[in-house]
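One chain follows as structure tokens, the form predicted alone.
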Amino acid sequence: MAINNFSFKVAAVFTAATLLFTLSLGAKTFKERVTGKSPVLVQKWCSVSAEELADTYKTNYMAKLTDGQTKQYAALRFLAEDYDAIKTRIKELLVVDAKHEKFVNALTAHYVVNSKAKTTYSKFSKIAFENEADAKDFVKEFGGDIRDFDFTLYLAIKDLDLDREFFKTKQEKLYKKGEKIFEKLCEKFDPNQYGSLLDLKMDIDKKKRCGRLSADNLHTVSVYLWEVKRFGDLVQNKNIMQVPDKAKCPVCGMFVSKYPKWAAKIVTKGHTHYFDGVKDLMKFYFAPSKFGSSHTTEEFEEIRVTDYYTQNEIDGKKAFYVAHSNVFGPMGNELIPFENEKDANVFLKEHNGKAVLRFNEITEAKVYELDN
């Protein structure tokens, strides 16, 4: 699953040459939407962008994880967005063969990169085929080069900033319309109660929080709430945990500020360690040396976590934690914290949790059970 070192070394030279070539060519149309075949959909919307999966089915990916989750993505760009969070938990990774519209092994597929074909979510397309002969036929029509999965994933991760900018104009047009829909049609609720854009959109749809919306308006208001209002509400919350933009979780390496709903920290005399969830915090707590730290558990002065409902920063040693619920954090199954026991028990019942634990009841074995 790892990206090999050779790919990294040749990437800069290869990318510079191919991008110059691609930009000089006229773009051709590549139809991403599913045709008459029945698509394989484990969910209706993309796990990251919440876009309709059928609309770009020929670029879909599916990740089956060791903790039982299955996540489906509209394109490699969104798998790349989520890759840090799932890379250690991938049991099987599949991609849709663009010619035959069936899921195949992503690790052995053949990818046409930097062709003239346009795709919805990336400036430079990355199209998968099970058979090399089909990839070569695609190259004859659209140009490009055939690469393996490691190199193609490297390009997708490298292109993320470019793709976000590419997609930004489209998203910004949605925000004003989404705000109007929310103010006029929706019941007022806090978007910070959700763990992902997909969870938010599914709840709005299921509970009809904005009445009966068209598919476009449902997506528009969901994107506005997740990408605009959610952060506005967080700014107004004076008790939220303040996480430096560059703070990385020492356990998984992800930027913690991307996941404010799940933020946690351990404070020592000379340093503060930030985590993208209580599970990673507890892994570090029990064995800091395993993650490159010279601190001992006895040196930890404070444990601070984020209350799931209020989003307030609270004392981790006094909190109540729900284990093995059907709500997943950035790193999958989580220990979900609450300041008071009543909230923890309500959440336990609503989300099929197995237990409410106090801090001193959490063992290292119980923490690692969450990964299984």
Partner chain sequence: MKLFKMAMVAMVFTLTGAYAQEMFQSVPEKEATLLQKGEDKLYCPNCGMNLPKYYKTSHAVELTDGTHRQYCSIHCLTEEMEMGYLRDKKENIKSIKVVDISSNQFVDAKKAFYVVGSSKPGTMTMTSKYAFRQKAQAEDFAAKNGGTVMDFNETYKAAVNDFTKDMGMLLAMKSSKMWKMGEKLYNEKCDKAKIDTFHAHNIGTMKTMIRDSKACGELDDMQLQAISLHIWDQKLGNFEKQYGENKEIKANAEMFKKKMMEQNGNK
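For clarity, a rigid core is taken as the largest C-alpha set superposing within 1.5 Å between two forms. Treat the numbers as computed from the prediction; the structure is a model and nothing was measured. Positions refer to the first chain, counted from 1.
The discussion below concerns the form predicted together with the partner chain, not included here.
- Of the heavy atoms in D148, some are within 4.5 Å of the partner chain in the model of the complex.
- The closest heavy atom approach of Y224 to the partner chain in the model of the complex falls outside 4.5 Å.
- For the chain shown alone, K177 is not a contact residue for the partner chain in the model of the complex, no non-hydrogen atom being within 4.5 angstroms.
- Although the partner is absent from this view, F138 stays clear of the partner chain in the model of the complex, with no non-hydrogen atom inside 4.5 angstroms.
- This chain is drawn without the partner chain; in the model of the complex, the residue among H295, K158, R209, R89 with a heavy atom within 4.5 Å of it is K158.
- Of the listed positions (M282, A98, V113, V256), a single one reaches within 4.5 angstroms of the partner chain by any non-hydrogen atom in the model of the complex, namely V113.
- With the partner chain left out of view, the stretch that reaches within 4.5 Å of it through heavy atoms in the model of the complex is, among 194-202, 70-78, 116-124, 178-186, 116-124.
- Contact here is defined as any heavy atom lying within 4.5 Å of the partner chain in the model of the complex, and by that definition each of Y154, R164 and C252 is a contact residue.
- Once both forms are fitted on their rigid core, the CA atom of K290 lies 2 Å or more apart between the shown form and the other one.
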